[in-house]
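This document starts with one chain, in the form predicted on its own, laid out as structure tokens.
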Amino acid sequence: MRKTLFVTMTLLSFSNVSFTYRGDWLQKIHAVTDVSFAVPSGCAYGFLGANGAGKSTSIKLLTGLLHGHQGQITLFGQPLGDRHLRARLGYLPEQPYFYDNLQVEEYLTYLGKLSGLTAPAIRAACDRVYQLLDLGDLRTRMLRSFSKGMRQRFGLAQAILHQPDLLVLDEPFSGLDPLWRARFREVLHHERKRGATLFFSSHILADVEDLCDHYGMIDHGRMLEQGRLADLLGQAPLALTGSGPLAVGAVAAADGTWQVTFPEAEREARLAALPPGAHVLRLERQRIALEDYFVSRIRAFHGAGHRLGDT
């Protein structure tokens, strides 16, 4: 019987990418240095980093808004530069700019034409994003009248209008209240089910935990690590709760039970070493909070974000 092999395509990759520019007094700024990462097709990739880490610069490089980098960037398996490849992107910048004198429907129709959609396809696409982001009643509103949160909703609508293969979002949850953050997560889950690959930066790490299966961490323009989020969260220790004679290293509780924690690698040895008469009540993995891990990782690398009083 012939086996079918499923090969995961790398949709976006950076290979030893560096980018510098001139700042104040012509000072050379190393925005990103020797950055490498890969985004598999169909995944949701969370791009993590503190302010000024190089996230937005990297995103502007991959969308073609910045030029002059060293190293190689590929989109859909091809070198960056082909404008037809960018037609398969949906992009929401951190600080989007729209033509404020246009109405919602006028602007979306204009963007649909730029994306090569036919008139019937544009109407269907507009109806789709109106429904997903509650913009139907606002279709005749001028964009100049929109609040920060409303502009963010429109920004996501224009990014997903043409059903792109790769969605690139820079801080997409910025300026949203809790209700609309939840709706954005629903929309992004919907886009993944449609088949889109997500690549987005965010400071709201709870959203990354909810949405992403891959992550990359950048600080001061250098990649610290990347991988599967499940592998990272799976590094959390196991907590064994038991009763009867105490296991080695266990801490007794007031209700007569005890608990001991240990890494995954010690699971079999710890269970085999339980004293006679000990009973296992629960064996569960403790939770790694991505936010705590992120803060500790950044501090360990460059000392960013010290607590008050640290020297």
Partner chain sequence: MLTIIAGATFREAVRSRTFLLLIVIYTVGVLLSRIVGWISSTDGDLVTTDLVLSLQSVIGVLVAVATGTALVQSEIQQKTLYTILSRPVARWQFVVGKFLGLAAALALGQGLMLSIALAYLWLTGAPVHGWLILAGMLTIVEVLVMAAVSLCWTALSSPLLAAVLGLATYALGHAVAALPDLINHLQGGQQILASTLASLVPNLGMFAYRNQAAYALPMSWSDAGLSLGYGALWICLLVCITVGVVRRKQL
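What you see is a predicted model, and the numbers here were worked out from it, not measured in a lab. Residue numbers count along the first chain shown, from 1.
There is also a form predicted together with its partner chain; it is not shown, and the following applies to it.
Between its partner chain and the residues Thr241, Gln103, Thr74, Ser174, the one pair within 4.5 Å by heavy atoms in the predicted complex involves Gln103. Proximity to its partner chain in the predicted complex, taken as a non-hydrogen atom within 4.5 angstroms, holds for one residue of Ala230, Leu114, Leu179, Ala119, which is Leu114.
Shown alone here, Val280 lies farther than 4.5 Å from its partner chain in the predicted complex, counting heavy atoms only.
Shown alone here, Gln158 lies within 4.5 Å of its partner chain in the predicted complex, counting heavy atoms only. Arg222 falls outside the set of residues with a heavy atom inside 4.5 Å of its partner chain in the predicted complex. Although the partner is absent here, Arg270 sits far enough away that none of its heavy atoms falls within 4.5 Å of its partner chain in the predicted complex.
Figure note: of the listed segments 142 to 150, 211 to 219, 186 to 194, 126 to 134, the one touching its partner chain in the predicted complex, with heavy atoms no more than 4.5 Å away, is 142 to 150. Contacts of stretch 57 to 88 with its partner chain in the predicted complex, defined by any heavy atom lying within 4.5 Å, are made by Lys60, Thr63, Gly64, Leu65, Leu66, His67, Arg83, His84, Arg86, Ala87, listed in sequence order.
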